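There is one chain below, alone, in structure tokens, taken in the form predicted alone.
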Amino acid sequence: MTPPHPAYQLRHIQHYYGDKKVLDIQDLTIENGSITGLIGPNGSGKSTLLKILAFALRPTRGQIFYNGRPEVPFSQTIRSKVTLLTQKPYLLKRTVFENIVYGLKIRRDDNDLTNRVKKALLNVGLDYNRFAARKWHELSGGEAQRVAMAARLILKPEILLLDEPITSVDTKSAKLIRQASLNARDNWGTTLVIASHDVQWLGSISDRQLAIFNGTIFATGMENIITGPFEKTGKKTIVKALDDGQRIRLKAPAQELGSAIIRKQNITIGLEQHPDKGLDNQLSGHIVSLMLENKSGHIMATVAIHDLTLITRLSPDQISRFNLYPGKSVMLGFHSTDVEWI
């Protein structure tokens, strides 16, 4: 049975650190049982958003609805339902066993702890007999992160928030953490929100990707952000000069210069220039990667244009027609008027 309300509804959320605004989200809905990928550079606001979703941080402005009801940070009704795994695991100065059962003991849920810890450790690929009695300081970085994951999975949370969970771990640990995350959704219907630089993994498993830049969310997923410096060439146009001599022409903003966004659906791809198309931006580069979007069936092509990377969404037919593959030289085109400014 589908829950009557989405897991989250965020309305007019703003958050400041001092005078600096780090988050500005007017409207965001996250459905129950969904997997949402958060993509964005360091400092873009991903961690702040996850702390707000975890009800561990009160936004400066705005309101959060959880399953249709307004909620506030540190609410007792939320505490046992939402859990956040940070990039650097925080473990109590206790044994692995005591770390994993800590949340259950707070709930006063101490039934059959040994078997439950065994299952939680198995979920993250750790053997109970080898690890349960180990102290926190006897674990490698990857093992510590997996223990922290097990401590969250044993709670069977409604919401599991992951903040760069595999950035600082070994390949084996990363694979096991990924799989344990998916198992939580498949086995218990857990809603996942995952911030990660592993764009290919997010694209393959998430129901949608949200790109975040300077605290602003783009619900269409990763978009092309072009930052300054820019050169003014007139009242209506500006130019971004690339180190290889190519130039990007953009319609000047009405207000102050900020960062420019070119939506991926506005970028065309070809193998040579086409002056007759009327595109005032035609840039040569080469394909870096091709990634299948699991839900849509489209392919995301990442193209390097000297020191700039642009992304465009292609159909399988375009991939076949142009015989596209990583390393192939291509031409990207878009209109200078297709720019948005933030």
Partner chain sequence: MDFIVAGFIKAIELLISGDISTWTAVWATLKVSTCSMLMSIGAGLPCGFVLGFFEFKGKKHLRTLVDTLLALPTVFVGLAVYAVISRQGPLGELGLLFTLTGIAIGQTILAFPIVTAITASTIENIDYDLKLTLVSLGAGKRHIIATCLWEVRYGILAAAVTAYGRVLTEVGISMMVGGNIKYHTRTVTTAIALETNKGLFADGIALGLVLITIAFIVNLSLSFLRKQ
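Numbering follows the first chain given and starts at 1. This one's a predicted model, so the numbers in the text were calculated from it and none came from an experiment.
Keep in mind that the form predicted together with the partner chain is not shown, yet the notes after this line are about it.
Only one of 234-242, 202-210, 81-89, 116-124 places residue heavy atoms within 4.5 angstroms of the partner chain in the model of the complex, namely 81-89. The contact with the partner chain in the model of the complex, taken as any heavy atom within 4.5 Å, belongs to Arg94 out of Arg263, Arg94, Lys251, His197.
Taking a 4.5 Å heavy atom cutoff to the partner chain in the model of the complex, the contact residue among Gly189, Gly270, Gly103, Gly141 is Gly103. Site residues Leu290, Ser315 and Lys328 are none of them in contact with the partner chain in the model of the complex, judged by any heavy atom within 4.5 Å. Residue contact with the partner chain in the model of the complex: Lys51 places a heavy atom within 4.5 Å of it. Using a 4.5 angstroms threshold between heavy atoms, Ile166 stays clear of the partner chain in the model of the complex.
Although the partner is absent here, Arg130 lies well away from the partner chain in the model of the complex, with no heavy atom inside 4.5 Å.
Residue contact with the partner chain in the model of the complex: Leu155 places a heavy atom within 4.5 Å of it. Shown without its partner, the chain has Trp136 as the single residue in segment 115-148 with a non-hydrogen atom within 4.5 angstroms of the partner chain in the model of the complex.
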